[in-house]
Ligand SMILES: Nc1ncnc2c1ncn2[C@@H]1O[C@H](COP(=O)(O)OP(=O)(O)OP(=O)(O)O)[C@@H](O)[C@H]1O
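Single chain ahead, by itself, as structure tokens, in the form predicted on its own.
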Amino acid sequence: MDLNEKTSALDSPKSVTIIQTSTIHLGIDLGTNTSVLAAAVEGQPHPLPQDLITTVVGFPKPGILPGIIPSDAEHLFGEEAINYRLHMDLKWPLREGFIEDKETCRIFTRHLRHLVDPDFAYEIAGVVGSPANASEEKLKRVRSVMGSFLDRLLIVPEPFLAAMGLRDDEAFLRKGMQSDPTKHSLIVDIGAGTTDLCLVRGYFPTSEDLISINKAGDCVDDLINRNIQKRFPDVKLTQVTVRKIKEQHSFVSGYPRDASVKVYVDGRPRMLDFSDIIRDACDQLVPVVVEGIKELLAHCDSDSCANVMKNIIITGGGSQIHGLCDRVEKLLREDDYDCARTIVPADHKRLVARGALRIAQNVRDDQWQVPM
């Protein structure tokens, strides 16, 4: 499929063929840590019982007694699985933004299908986000797994979808931005598995406009966990607990926060200060973001560079690290990027899915792919 054809479909709504009313249009952010759904039928929001789902599947541990797991289910999903983690083996089907465990991911996406259309009454046409510059082999895995979920499929780089979702974002509009984010912006999407950057200039991005780096939230979690074990060898924390500690206490140098955490050591409660450990781990993301921004700005011509630099959008879960956005802007300005301005969206969690839904509603019939 020609990417320019996609762009023409987005830019020329009158030429779009509207799919029949039996179709649910769906935007999907299939994330390493959290997956997000946005759905519509005939242009109207389609209600979902849950639109944010932690991307994890729980399998009952061998020998579990009847009645321990709700309804003695074979699988639990998302936060319900995490709540029963003492009785379940948890599996995260994605790693570094891509599907690692295909069978677990199929089970998870069948659950998503049930959330969207439990009676299988609709055809589902979905746009799925992927990390920037994904290889054909990794995209093939997405198409293969999505066959159990979607009837029609289109895969689009996540940071471009974030730009589409920004058109309705309150924080973007509140700052009085004059430029449409799909015309002049630089998107930095710090997820769990990857940090993706995209230069957006009014057309579908080329490979030169995209950067994907395998250093993101999961790397921060791993570094925090390793250094806690090194400094406090008697403390044993699960992956879930480490992630929650990071989400509650994260910050970068120059923007300190208290990170005193209550943990149990040999069965006794203790308050431990993890501030230095969390700060040092979060600081690892700063040069990744700054250097990625500089690399993409170097691709801008002089006429567009100033506009792009004023619209540096930092989104994804990593955007919530206290001080990260301000520190990135400060470092850019200190290095003579004098008009650099960074913005954090009001609803970073739903940005990609919202942008994906926008595109799904404007795709021509001949542009959809049939999942494998």
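Numbering starts at 1 and follows the sequence shown. Note that the coordinates shown come from a computational prediction; the quantities given were computed from them, not determined experimentally.
FYI, the form predicted together with the named molecule isn't displayed, but the following is about it.
- Contact with the named molecule in the predicted complex, judged as any non-hydrogen atom within 4.5 angstroms, is confined among 316-324, 60-68, 337-345, 302-310 to 316-324.
- Not one of 93, 105 and 141 places a heavy atom within 4.5 Å of the named molecule in the predicted complex.
- Though the partner is left out of this view, residue 252 does not reach within 4.5 Å of the named molecule in the predicted complex, counting heavy atoms only.
- The named molecule in the predicted complex is not approached by residue 205, whose heavy atoms all lie more than 4.5 angstroms from it.
- Within 4.5 Å of some heavy atom of the named molecule in the predicted complex lies at least one heavy atom of residue 192.
- Interface membership of residue 209, defined by any non-hydrogen atom within 4.5 Å of the named molecule in the predicted complex, is ruled out.
- A heavy atom within 4.5 Å of the named molecule in the predicted complex is found for exactly one of 247, 273, 180, 295: 247.
- Contact with the named molecule in the predicted complex, defined as a heavy atom within 4.5 Å, holds for exactly one of 279, 243, 184, 152, namely 243.
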